[in-house]
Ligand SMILES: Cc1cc2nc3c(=O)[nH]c(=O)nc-3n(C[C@H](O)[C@H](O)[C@H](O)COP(=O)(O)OP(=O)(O)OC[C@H]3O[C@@H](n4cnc5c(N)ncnc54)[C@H](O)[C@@H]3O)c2cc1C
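Okay, here we've got a single chain as structure tokens, the form predicted alone, with questions on binding and movement later.
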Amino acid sequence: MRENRFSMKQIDERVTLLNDEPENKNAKYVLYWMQMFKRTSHNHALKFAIEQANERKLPLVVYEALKYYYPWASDRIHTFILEGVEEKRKEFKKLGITYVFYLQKDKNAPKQTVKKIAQDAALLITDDFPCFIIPGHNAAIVEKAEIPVYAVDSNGIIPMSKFDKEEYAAYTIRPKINKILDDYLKPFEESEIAVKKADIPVDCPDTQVTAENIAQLVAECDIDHSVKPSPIYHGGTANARKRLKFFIENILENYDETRNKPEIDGSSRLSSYLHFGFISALEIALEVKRSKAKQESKDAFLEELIVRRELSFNFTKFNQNYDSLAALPDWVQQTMRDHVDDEREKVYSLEELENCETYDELWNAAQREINITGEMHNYVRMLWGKLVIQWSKNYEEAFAHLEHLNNKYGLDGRDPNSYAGILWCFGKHDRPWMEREIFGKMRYMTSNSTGKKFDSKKYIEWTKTLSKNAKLPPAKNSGETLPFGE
């Protein structure tokens, strides 16, 4: 067995060398394993790969794969990812870069494909994403590869390496971000490949994906077919930019007033596109910054996109327990111990929650939205999490139910924002409040008080129409809704 050389040497602010293997001097190309940054622009990993290829006067191969056995694999997630493949293939061909996409359908399909492709590569570049299955993927390829492996951070506007520890809350990371933000909130300088070869033979199956064959490809995969594709949100960079344009033209001006109103289309709804890397936070921030919307709305949106989002990436990078209650601060651990035996008036099973079978119509509406569309409005998501704590046998069961419901149905699940958001319901990135039953000193929310802050009846009724007429509600100043992907 070869020695594990997972050494992690910081090369620059965004690039980490994960091992100390020598380069392959007889290489045919440089390899970029695209895992999370599924885009051909504003991509620091792709830029680094192009620069490395140019230095060696080699062409570049971009390899992307979708396996069948990742946790919560479903028709919904598979379809959303596949909807971005055809446009990338066309764009990479224009750029003179070879793009290989492999859909691994079942246990009989070829395995160890990255290792095979890497045999003809000078070095391997991949995505530095601090959550879900990606850290494990990167550790595994370091074990197998006999060439240098670099991980590149293209997650946010500020490199994750600018922070050397976990930040306690938004108020601790905000001044640190604001101090250096102008250094990073700048137009992205793209690099061009020098040796243009868009058709290099690569030892790997290459799955041809088109809009017409996606449904058939998904049907052939050994995944959960019960979670259907979203009827509203469709994957790909073109759809991400279409939504961004609609948001800036129809929503951003009033974002400070509408972002907490789930009964209208008043938020960006870009979280799924950010999660899968179809669009970068930098591109979004620059478009928002140069828009003519009022400053209050731009500031409110950029606070969410930059400060809150980068706080979640900081959390998952530095806290190994990001996917458990062990990540919670000491005061929460103590308050849970104090209230672990508190009586729960009502306890719902996971099946009842999944089927929206609670006595609370607002909670049911929130779950119904994510079940059908793949997203849940952030404002009701807070209440959604709080009530599951109240309805579970214990805190561990509550976390497990929230993680499952969010990651199974949410297109933006399995993400640093997701885990930070779920744990916020338990007190992460928050402060102690007045003590009460079950919640102890955790912040408490009720449907009655939350529902008074927006037209909850209208939101509930909208979610009931989704199964037959899946479309977003109109924006405040527009009678139109945005039909994603049409």
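Numbering starts at 1 and runs along the sequence shown. A quick note: this is a predicted structure, and the numbers were derived from the prediction, not measured.
The following text describes the form predicted in complex with the ligand, which does not appear among the structures shown.
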- request: With the ligand left out here, work out from 57 to 65, 22 to 30, 44 to 52, 421 to 429 which stretch has heavy atoms within 4.5 Å of it in the predicted complex.
  value: 421 to 429
- line: The one option of 382, 193, 202, 214 with any heavy atom within 4.5 Å of the ligand in the predicted complex is 382
Interface residue in the predicted complex among 312, 126, 373, 280, criterion: non-hydrogen atom within 4.5 angstroms of the ligand: 312
message: Contact with the ligand in the predicted complex for residue 378, defined as at least one heavy atom pair within 4.5 Å: yes or no?
response: yes
- request: Verify the contact flag for residue 417: yes if a non-hydrogen atom of it lies within 4.5 Å of a non-hydrogen atom of the ligand in the predicted complex, no if not.
  value: yes
- request: Report whether the minimum heavy atom distance between residue 267 and the ligand in the predicted complex is within 4.5 Å.
  value: yes
- prompt: Looking in the predicted complex, any heavy atom of residue 413 within 4.5 Å of the ligand?
  reply: yes
Site check 274, 305 and 308: each within 4.5 Å of the ligand in the predicted complex by heavy atom: yes
